[in-house]
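The chain that follows stands alone, in the form predicted on its own, written as structure tokens.
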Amino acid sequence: MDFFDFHEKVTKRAAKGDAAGGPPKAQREILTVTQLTGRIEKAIKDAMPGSVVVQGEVSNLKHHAGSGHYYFTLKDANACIDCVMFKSDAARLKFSPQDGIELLATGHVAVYGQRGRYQLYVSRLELLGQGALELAFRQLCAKLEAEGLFATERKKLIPLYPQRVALVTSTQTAAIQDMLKVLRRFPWVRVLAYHVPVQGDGSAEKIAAAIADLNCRASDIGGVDVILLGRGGGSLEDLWAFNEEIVARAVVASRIPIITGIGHEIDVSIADLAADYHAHTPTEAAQVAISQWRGANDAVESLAIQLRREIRSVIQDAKQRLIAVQRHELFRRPMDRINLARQLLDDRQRALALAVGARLRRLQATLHPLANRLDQLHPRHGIALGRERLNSLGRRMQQAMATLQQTRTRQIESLAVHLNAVGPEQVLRRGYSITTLKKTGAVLRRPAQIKVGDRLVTRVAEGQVQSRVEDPNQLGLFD
């Protein structure tokens, strides 16, 4: 019983129940949404096979950047179904799904309970009318071309005369024998065979690793001038390892030039587009690598002929120049040149002497007034004038000092006369006296300044008298 038969049976059973009035309310089964969804999912699983293949057109395609899952809708003229393809299954795709392409989707149908709808869980996608490999090939070509990996200006030059050639291919195929058959004709060319699988899972990764390893170890193995990447013919599936992105990027990243010879003449792989030179077959790849060696003998002979011709031309030209030198006047009469040089030297010496004399005379004429001026400005003249001025000032100062001394003497004599007139000596001559304390020399002005026992000195005009203070009250008693 499929899903549609199950749906029709359930519908008929519901219609009979409604016609009979239905079961009593107490006998009705009440389901939760989860329970109902679970029964629907169980019914679908029981009714549907474990795997179905659905044909339809892709629409509403979404690639979730975070999870890597694909979400899309498959539709035909009358119906559509939601689909999901998880990242683990999508990683095996050889192409990128796009809206509008028709394909076959293999998977199983299940209910997505959180949204209450069924959907197709896709595990495999196959294109209709056009193979997945062709689409993947075109998509990857467009991507790498947009990045500039196929640009001509990026490609490296193939060495003209390679001496070390590395063959990256399977040693169990006829391709390596075809290449060796060509290379054996030139025994001086050393050949290194690097075995890699050229078909099947993982072969692309091993080819890319071989190219990278040769670049890393080139100096250890004596160097590699060119790499031949080759494989015999086969179907697109057989040659697919050379259409993988990892191989194309390894070819571009190689520092060693790479020549590809993959498949037959009509086969063109992505590795061919990325290579520095694309040969159509392995045999042609080997022929391209040593093409210049084929004509090496002729090239050497041609160069030898050209070299001999050039040498003869150089020798002939040198002979002509030597004959011209020998015929030159200088070599036929060498002393004439020497005598001419001597005469010229004498003329130059005379001219130099005349020029020096004239220069000296001009300098003397210029220096004479300067010498006179310098003599006039000699310091000795200033010193003499200064000395005379100093002597004059000295005489004037002596006269002024004598005059000032006489004036000051007269002033002092006048002051002395005045002091004598008003001084204490004149007062003493008029009968006055000055009494001082002998001990301190203080002038006695008041009786309170003295006490009994003090010694006094009384100065008069013609000397001094000493006395001693006794009881001051005695004066009152005798009075």
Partner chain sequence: MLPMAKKNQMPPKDFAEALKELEEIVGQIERGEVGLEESLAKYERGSFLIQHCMGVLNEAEKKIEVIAKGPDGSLKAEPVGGEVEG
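Please read these numbers as outputs of a predicted model, since none were measured by experiment. Numbering follows the first chain given and starts at 1.
Not on display, but discussed next: the form predicted in complex with its partner chain.
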Query raised in the report: Taking the partner as it appears in the model of the complex, which of 340 to 348, 372 to 380, 158 to 166, 396 to 404 has residues with heavy atoms within 4.5 Å of its partner chain?
Result: 158 to 166
Query raised in the report: Wondering, does L214 line up within 4.5 Å of its partner chain in the model of the complex on heavy atoms?
Result: yes
Requested in this report: Please run the contact check for E388 against its partner chain in the model of the complex: heavy atoms, 4.5 angstroms, yes or no?
Outcome: no
Query - Contact of A193 with its partner chain in the model of the complex (heavy atom, 4.5 Å) - result: yes
Requested in this report: May I ask you to check whether E310 falls inside a 4.5 Å heavy atom distance of its partner chain in the model of the complex?
Outcome: yes
Query raised in the report: Tell me, which of A384, L352, A358, A318 has a heavy atom within 4.5 angstroms of its partner chain in the model of the complex?
Result: A318
Report task. Please pick, from V325, L367, A151, A304, the one residue with any non-hydrogen atom lying within 4.5 angstroms of its partner chain in the model of the complex. Result -> A304
Report task. Counting only non-hydrogen atoms and a 4.5 Å cut-off, give the residues of 282 to 297 close to its partner chain in the model of the complex. Result -> W293, A296, N297
